[in-house]
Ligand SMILES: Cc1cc2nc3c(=O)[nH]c(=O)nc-3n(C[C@H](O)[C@H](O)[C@H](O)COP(=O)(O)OP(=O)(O)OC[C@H]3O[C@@H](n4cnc5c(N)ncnc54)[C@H](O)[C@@H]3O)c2cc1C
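The data below hold one chain only, encoded as structure tokens and taken in the form predicted alone.
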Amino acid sequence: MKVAIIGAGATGLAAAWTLAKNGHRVDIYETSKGELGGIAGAMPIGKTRIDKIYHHIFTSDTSILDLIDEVGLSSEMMWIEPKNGMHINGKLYPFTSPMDLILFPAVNLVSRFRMGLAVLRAKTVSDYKSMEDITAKEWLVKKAGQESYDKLWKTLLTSKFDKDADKVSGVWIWNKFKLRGSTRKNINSESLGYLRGGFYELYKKLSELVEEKNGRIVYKKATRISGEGGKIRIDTESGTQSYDKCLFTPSPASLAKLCALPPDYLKKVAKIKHKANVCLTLVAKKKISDYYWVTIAEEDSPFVVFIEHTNLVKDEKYEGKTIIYLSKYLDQSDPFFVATDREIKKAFLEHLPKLFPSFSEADVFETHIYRSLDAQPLVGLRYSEDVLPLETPVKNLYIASMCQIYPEDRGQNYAVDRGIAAAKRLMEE
């Protein structure tokens, strides 16, 4: 079977390897030369690479861990117990464990205790559909009280989903609590994993293995996808190739621009919304904090998370440099998304000393800005009714994208799992 895969991200490469090792011919189409991993791609730092956008995995991420083991990279996995924080009301507080939440002074004691119980109990909830008719706001108010929501959770939801914060399903927030609870060794600590050299090493290895099985990475942009006589045609600027099947891994909206699809299917595609992301990476002379991950719950902050990567990962190839990510989620139509790199850098770096007074722009060696248009699916009420099936209306054309990972949220583990499952379905059919 000859298969085309559109996109060399986690889903596409996991699917490609699954197909290739089972004897199928695979061509992976990727727009940018040398770009592997999608939003888990990498950039060079010193003598190594780091992820363009911050990533880590959890002990419960068995699909990606199994794949890392299968390709021989398990020895490169690092497991660390990080220290996390919350910046709210002008102060920085520890925010690593449920106990930190219970001791958190920004909301009253009763609300803290109630939310601590909700976090701990989330992992015991198995019927997510019981939460599809309640918003995250309603669930949080019910579990922790109005004051807790107004002072803490409202800002956090808005920072992630912008003007659509009130539309987010309770399933989304439940899943976040469930995931964090499943990674804890005990009530006070959790383990996070990182692949030495960045997760790019996994995707580079997968591409090499696919090529060893006579697969190809085709660094050309697909300009049109069409079905003809049971075959799938992929058009590029340099010609056309025909395939038995095609797996498309970017967003459904991207597919709609390339392929003629029936009106009823296009209506379903139009209902699926995403939030964009802007991420600024700093390479600096010295550390700024003792925290790995700091959630910024300050309404005037231009970014919503501060990730001091080098407080999680110690690697001599970083040559003693401090690596920091500043990230902002926003609506795809927000003017800030298309602002110049200079404007984004200015907004972020001018605000950073207000949160961390020890920071000085003079200590910065270099900066990098990465934009992602479809960074976070907007998971609304009864989202299960909107999830697209693997099969599209075009025979032998399939789609496996971030917005179909449900009830789980986006993440490398679920992207890998989705890719493997899609490949198995293509082989079965």
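Note that residue numbering follows the sequence shown and begins at 1. All values reported here derive from a predicted model rather than from experimental measurement.
One more form of this protein, predicted in complex with the ligand, exists but is not displayed; see below.
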- Although the ligand is absent from this view, report whether residue 258 comes within 4.5 Å of it in the predicted complex, heavy atoms only. yes
- Message: Can you tell me if residue 27 lies within 4.5 angstroms of the ligand in the predicted complex, counting non-hydrogen atoms only?
- Response: no
- Query: Taking 4.5 angstroms as the cut-off for heavy atoms, does residue 423 touch the ligand in the predicted complex?
  - Reply: no
- Message: Residue-level question: is residue 161 within 4.5 Å of the ligand in the predicted complex, judged on heavy atoms?
- Response: no
- Task: With the ligand left out of view, choose which of 399, 68, 57, 394 has a non-hydrogen atom within 4.5 angstroms of it in the predicted complex.
- Result: 57
- Message: Within 4.5 Å, heavy atoms only, which of 45, 378, 42, 375 is in contact with the ligand in the predicted complex?
- Response: 375
- Partner-proximal stretch of 164-172, 351-359, 250-258, 88-96 relative to the ligand in the predicted complex, 4.5 angstroms, heavy atom: 250-258
- Query: Are there residues in 198-227 with a heavy atom within 4.5 Å of the ligand in the predicted complex, and which are they, in order?
  - Reply: 220, 221, 222
